[in-house]
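Form predicted alone, single chain, as structure tokens, below.
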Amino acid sequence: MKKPGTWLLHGVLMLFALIILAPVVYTFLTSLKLFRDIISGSWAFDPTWRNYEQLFMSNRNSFIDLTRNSLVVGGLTLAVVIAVAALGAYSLSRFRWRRAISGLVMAWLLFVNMLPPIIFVGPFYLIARTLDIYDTPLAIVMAHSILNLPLAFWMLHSFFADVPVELEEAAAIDGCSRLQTFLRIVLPIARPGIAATAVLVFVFSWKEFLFALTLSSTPAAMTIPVGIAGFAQEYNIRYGEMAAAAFFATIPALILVFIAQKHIVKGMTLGALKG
């Protein structure tokens, strides 16, 4: 029989789960309402998929293009950040750098990560204009990669530091080069940490609004968050389509987390375990 303290703990956890899920459920219910039902605020309504039909099939929306752009930006950002952060983090955790150099690199990345993102808007805009990549997904990928790189670097550095050096030494004795050791020994062992980092990078890129808005002006490069903001117009707010788009935007991230949840849990605890 469970102790009263256990029941209390479970009750508190269930309460927090309900608090977290309540906005998602409310958004989903709103997406099934007609405009008159939303305005009236009534909980009794006839569910309809009209808002989703308007979202994906209406000529006045470009939501399919926005979804494609978000997937492209998120995927490319994930690939760039993981590739660069993995190589850099492994270098600092294994090669014999001077303590001043490694400490300066880590401190600089931490400093960049602590800066408010708004201060990068102007420079990124000018760079995109100079390189003639403004209003393209490439410009947003550039911004997202730079913003997510410090966090990914710090996370992967701690994961690589926990990989036993003896395994790499044994691989070197067997004739593996440094690159082969990294690809065949280190990466598979640190896979949970890499998966956790990759999911965070993709989610942060998927939901980012400020730079996606600044570096795009047409549906050719806009992402889903920018498109959702566009439903709030000067004389009309399309609440139903906004709710449908917001709920749809949660699905890819949830699928990714569901698929990688085993690795995410291992990755989050890997850095806390020694030996």
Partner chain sequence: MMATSAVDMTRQQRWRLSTFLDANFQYWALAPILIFLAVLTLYPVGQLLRMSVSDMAFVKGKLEWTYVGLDHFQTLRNDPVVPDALKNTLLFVVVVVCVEAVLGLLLAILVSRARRFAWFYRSVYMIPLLIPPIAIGTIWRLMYDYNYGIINQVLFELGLTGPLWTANPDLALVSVMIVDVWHWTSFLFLIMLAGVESLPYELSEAARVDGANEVQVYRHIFFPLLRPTIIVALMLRTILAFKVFDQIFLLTGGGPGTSSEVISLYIYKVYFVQTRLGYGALLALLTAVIMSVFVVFYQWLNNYVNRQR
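Here the rigid core means the biggest group of C-alpha atoms that line up within 1.5 Å when the two forms are laid on top of each other. Numbering follows the first chain given and starts at 1. Since the structure is predicted, the reported quantities are computational estimates derived from the model, not experimental observations.
We do not show the form predicted in complex with its partner chain, though everything after this point is about it.
For the candidate spot formed by L9, I118 and L126, every residue has a non-hydrogen atom within 4.5 angstroms of its partner chain in the predicted bound form. Contact check for L78: no non-hydrogen atom falls within 4.5 Å of its partner chain in the predicted bound form.
In the predicted bound form, at least one heavy atom of L87 sits within 4.5 Å of its partner chain. Its partner chain in the predicted bound form comes within 4.5 Å of a heavy atom belonging to T30. Its partner chain in the predicted bound form is approached by Y239, whose closest heavy atom lies within 4.5 angstroms of it. Just one of V199, I82, L71, I185 comes within 4.5 Å of its partner chain in the predicted bound form, counting any heavy atom, and that one is V199.
Contacts of stretch 148 to 166 with its partner chain in the predicted bound form, defined by any heavy atom lying within 4.5 Å, are made by L149, L151, F153, W154, M155, S158, F159, D162, listed in sequence order. Comparing the forms between this form and the one not shown on their rigid core, the Cα displacement of F209 stays under 2 Å. With the core held fixed, A220 shows a CA shift below 2 Å between this form and the one not shown. The rigid-core alignment places the CA of L29 less than 2 Å apart between this form and the one not shown.
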